[in-house]
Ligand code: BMA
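A lone chain, given as C-alpha cells: the form predicted alone.
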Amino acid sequence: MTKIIGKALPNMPWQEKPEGYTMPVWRYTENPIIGRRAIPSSNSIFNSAVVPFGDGYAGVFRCDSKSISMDIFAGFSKDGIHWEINHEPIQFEGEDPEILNREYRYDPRVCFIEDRYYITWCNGYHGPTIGIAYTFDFKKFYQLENAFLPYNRNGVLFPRKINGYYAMVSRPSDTGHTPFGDIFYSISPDLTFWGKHRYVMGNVKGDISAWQSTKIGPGPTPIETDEGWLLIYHGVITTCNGFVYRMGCALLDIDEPWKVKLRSKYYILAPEELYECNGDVPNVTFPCATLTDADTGRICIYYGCADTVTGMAFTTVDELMNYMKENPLNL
C-alpha cells in the first residue's frame, strides 16, 4: 500500500466507491457542487482550488462574469461542499503597480507552504503568464512577481521546498487557445527568480494514449507519497467537434520531480455527465485541487465541468497507483 505524506483530514468530503464501478475515480452523487449562478455577477464558476482552513475550508474560485470577464474570488465552507463565495474579486496588494495591473485572472491553484497559503493563476501581463500571491487569512492577498515570461499557463507549486528550492510545474503556451503543450519543472530560491527548467512529460502522439495527444497540463498541487509525487493532470485530444479534456495521473520522483516513474495509459475521468458535456465549453473535466487524508489515503478532487460549473470526485492513493501499474504508459 502507498502512503500519503501529510496530515489527517478525517472530516473531508467523501463517498464510497459505488458497487460494481470499475474506474478509479468516481463522482459525487450531488454534482455539481457549485452552480454557474452562485454569486450575483457570475456567468460560470469553475476551475477553482480549495484547501483546509481553520475549522473548515477556504478556496479561490474562477468566476467569469456576465460580461465574460475572468477573475478570481475567495470563498469559505464548513464542509467543503456548500460554499459562500465573496461577491467581489480579490484585490491584491503589492510593491509594484505594474504587476498589480489587472488584465485578466483565471484558473487558480492554492498551496500551503510553511506558514502561508500561496495562490497561483493564469495572469494577464501582455499575454498569459503565472501570477503568484500569498495570504494568511484569505482576506488580504499580497501579489509577488510573475513567475515567467508570457506565455505560460497552469502554474502549480509543490507543497514544500525540494532540495532547498521552491518548485513549480507549468505548461508553456502561446497567446491563444494553445494547440500544444508539455509540462516543465522549474525551481526558485525566493519565488521571484525561476530557472533550471526541466522537461517532465509531454503529449502522446499516435493512438497508444490518444486522449492526451494534443496537450497536457498539471492540475492540483502534487501529492507527496512514500513512492513519489502523485500528479493529477489534464490531457486533451482534438476531435472533429473540438477539444476534449480528460484527467490522468503520473508518479514523479520525490527528489528529481522531472523524472517520471509511472504514468497511466488510460484516463482516470472523462466527460460523461450532462454537466461535463454541455456548457460554455463542452466536454471538459479540468482538475484544479485535491483534499487528502493521510490516515486513510482518501483523495477528494475538485474539477471544472464544461467551463461552467464545479464538480467533485473521489479516489484513493492506492486506486491511482494500482491503475497506473496495471495500465502503464510505455513510450
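We number the residues from 1 along the sequence you see. If you're wondering where the values come from, they're calculated on a predicted model, not measured in any experiment.
Omitted here: the form predicted in complex with the ligand. The next part is about that form.
Colleague: When you measure heavy atoms, are Trp211, Ile216 and Tyr267 every one within 4.5 angstroms of the ligand in the predicted complex?
Modeller: Per the other structure, none of Trp211, Ile216 and Tyr267 touch the ligand.
Colleague: By the heavy atom within 4.5 Å rule, which residue out of Ile39, Val281, Ala294, Leu262 makes contact with the ligand in the predicted complex?
Modeller: Of Ile39, Val281, Ala294, Leu262, the residue with a heavy atom within 4.5 Å of the ligand in the predicted complex is Val281.
Colleague: Can you pick the one in Trp229, Tyr106, Tyr166, Trp83 that has a heavy atom within 4.5 Å of the ligand in the predicted complex?
Modeller: Going through each option in turn, the one that passes is Tyr106.
Colleague: Within 4.5 Å of the ligand in the predicted complex, counting heavy atoms only, one of 48-56, 270-278, 30-38, 284-292 shows up; tell me which.
Modeller: Within 4.5 Å of the partner lies stretch 284-292.
Colleague: Do Glu319 and the ligand come within 4.5 Å of each other in the predicted complex, heavy atoms counted?
Modeller: Outside the cut-off, so no.
Colleague: Since only the chain is shown here, I'm wondering whether Tyr233 would be in contact with the ligand in the predicted complex (any heavy atom pair within 4.5 Å).
Modeller: Although the ligand is absent here, Tyr233 would stay clear of it in the predicted complex, with no heavy atoms inside 4.5 Å.
Colleague: Check Trp121 for me: does it contact the ligand in the predicted complex (non-hydrogen atoms, 4.5 angstroms)?
Modeller: Close contact is absent here: in the predicted complex, Trp121 is far from the ligand, nothing within 4.5 Å, heavy atoms only.
Colleague: At 4.5 Å, heavy atom to heavy atom, what parts of 52-81 sit next to the ligand in the predicted complex? List them in sequence order, or say none.
Modeller: Sequence-ordered list has one entry, Arg62.
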